[in-house]
Structure formats: structure tokens, C-alpha cells
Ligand SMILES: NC(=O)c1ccc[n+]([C@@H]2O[C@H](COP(=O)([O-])OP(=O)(O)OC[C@H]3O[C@@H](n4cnc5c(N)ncnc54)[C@H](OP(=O)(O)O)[C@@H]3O)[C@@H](O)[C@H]2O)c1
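Only one chain is included here, represented as C-alpha cells and corresponding to the form predicted on its own.
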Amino acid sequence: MKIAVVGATGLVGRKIINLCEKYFDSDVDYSFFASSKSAGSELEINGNKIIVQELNDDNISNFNISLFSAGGEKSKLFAKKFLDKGSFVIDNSSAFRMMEDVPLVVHGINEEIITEKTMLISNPNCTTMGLVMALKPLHDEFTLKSIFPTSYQAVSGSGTKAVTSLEEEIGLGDDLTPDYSDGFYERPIAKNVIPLAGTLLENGYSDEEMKFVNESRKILSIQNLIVEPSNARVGVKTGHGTFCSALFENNVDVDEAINLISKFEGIEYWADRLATPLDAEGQNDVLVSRLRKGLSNDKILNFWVVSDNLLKGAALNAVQIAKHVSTL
């Protein structure tokens, strides 16, 4: 088997490589691709050092599976070229997510929609990913009608430069002021909360918030799902958290809901300890806590969900999908 990792030197790409060691046999033939700046560097997998190639037309050959984590523009330029060579392409960007004929897959929820003909597969947004993992077992039992999610997104979701900026701002200590303008974001992020994640759209919502709306509907196959989203960026390195108020068609039972979540593979319910981004960092599982019934309606559940946005939110889900594809 031949596997390509596109965007191999990035935060998600490196985690994909580490996870491939665990999910695939050591005899897999790997090729790593990145920008011209990273070409010629070396990355290690299964004890073998592999030279990173520049992503260009001349370097594309035949692969069984290609894992893309190089941004939407690179995906738009190169995904089809890998597909034309016969490769399954699992893409982490938002480039193809809302295309009708492209499966939007969360492993553990809807990987069965992948067939030998659906060669292009999209990974959902990392914040949506954690939320739908918690919602799926609840929806199956109580039938979901609407959600009001408010997410607190870590800076690693913006890439390496954002993480570096956070570290530099923390180093300023008390010299960091609200007027600081040399960071990655328009406002300082260290010791701070910016009430916007993503880019504002004409409707006043950010593109990140609209991903909640569109992607949750597609993944859960609830086209009329009502979604009222809000997103913020917080001074945390890794771990996206979301408070969600969910309304169901049927009355809910808290103990039953906790039991459903606890039995669902890929999720942990924390009853005696509050799950935080620090807890989630490095965890494959999505963590849920503070699940409680609504104050105004017996059909409402309120809960907190947090997950490692670089793992289940990106790299882990991609590799889990790749493993599934390898068995088709």
C-alpha cells in the first residue's frame, strides 16, 4: 500500500504521520509533500527517514490513499490530480465539505457512507467534529431538533504562527496591553478571549460559526436542524471546547443521556471532574461533562464538550477514515 501525506510538515500533518504508525502496518510505502520551503527536509516514520517533496505536478504518482492537510487552496489545486491517479483523497480543508457528492465523514458516526466510488472524502471542521460526536448518541435516542452551541477555540486551530504568537504574548507578562497589535490576531490572545473565531460574513456570523450550521446538518443527516451558533477564540494552545444547549423532540432523561454517551465509542463522560482543554490535549476521545436538563423544558439537555482539535478534530479522524478505506 502507498500512502501520501500532503502538508506533512504542519501541525496536523505531523500528527497524521505519528498516527499512521499506529493504524497501519510498517510495510506501507509513504511519500510526504509540503511547500517548497520544507522540501528537502526529513521526517521519520516507522524508523525510516523520508525526504519531504515539494507539492507539484511532477511529483504526483500513484497512491492508494492521500491525506491532505495543506489548506483549501492547495486542496483545490491538487486533490483532483491525486484522484486522477487512482487515489482516495481524505481532505482536512473546507474546500469540498458542502459538495453534495462528497461525503463529510466523522469516523464512528457515518463512515458507512463511503464507497469505492466516493474517492474524495472531507473531514469536518474541528469544532463541529467534537460537538457531533456528543450529539449523535443523544439524537439517536431523543431525536434532535435544534442546537445553540457556543465554542471556545484554541489557537492551534489557526496554525503554527498562531501558537508562536500566543507564546510570545505570554512572554510579555504585564507588558501585554489591550492595544498590542504585533500578534497573529487583530487583538491580543494571551490571557484574553476574542469574541470572534474565523472571518465575518455578510450575515454577521463568522465562517466558523456557519460551519457549525451546515456541517452538523450534513453529518447528522438532519437537513432542517435549527442551529444558532457563536464562536470565540481563547488564549489556549490546544483543545476546542463548546457549551451546547440541545432541544429534542422527546423528553430527555439525564442518567440515560450520560449512559448513552458513556457507551458511545470515542467519547468519555466525566462526572466527577470538569473536562478542560488541558485534559483533552493528547486525548483521542472527546470529553463531555456538566450534562444537565434544561430549566425551561424537559426536552432540553445542556452540556460541555471538549476535544483535541488536532487529533479527533483533524488528524485522528483522517487516519481513522484512511484505515476504513483500506478495508473496502
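In case it trips you up, residue 1 is the first one in the sequence shown, and so on. Keep in mind the model is a prediction, meaning the values are calculated, not measured.
Absent from the display: the form predicted in complex with this ligand. The rest refers to it.
Colleague: Name the stretch, out of 140 to 148, 252 to 260, 70 to 78, 107 to 115, where some heavy atom lies within 4.5 Å of this ligand in the predicted complex.
Modeller: It is 70 to 78 that comes within 4.5 Å of the partner.
Colleague: This ligand isn't shown here, but in the predicted complex which of Asn192, Ser245, Asn214, Thr160 has a heavy atom within 4.5 Å of it?
Modeller: Flagged contact: Thr160.
Colleague: Consider the chain as shown here, without its partner, and state which of Ser165, Ser87, Ser93, Ser206 has a heavy atom within 4.5 Å of this ligand in the predicted complex.
Modeller: Exactly one residue meets the criterion: Ser93.
Colleague: Counting only heavy atoms and a 4.5 Å cut-off, does this ligand in the predicted complex sit next to every one of Ala34, Cys126 and Asn309?
Modeller: Affirmative, all three are within 4.5 Å.
Colleague: Is Ala314 close enough to touch this ligand in the predicted complex, meaning at least one heavy atom pair within 4.5 Å?
Modeller: Looking in the predicted complex, residue contacts with this ligand include Ala314, since a heavy atom lies within 4.5 Å.
Colleague: Does Ser156 reach this ligand in the predicted complex if we count a contact as any heavy atom within 4.5 Å?
Modeller: Contact with this ligand, yes.
Colleague: Given that the partner is absent here, does Leu55 sit within 4.5 Å of this ligand in the predicted complex, heavy atoms only?
Modeller: Within the cut-off, so yes.
Colleague: According to a 4.5 angstroms non-hydrogen atom cut-off, is Leu11 in contact with this ligand in the predicted complex?
Modeller: Yes, Leu11 lies within 4.5 Å of this ligand in the predicted complex.
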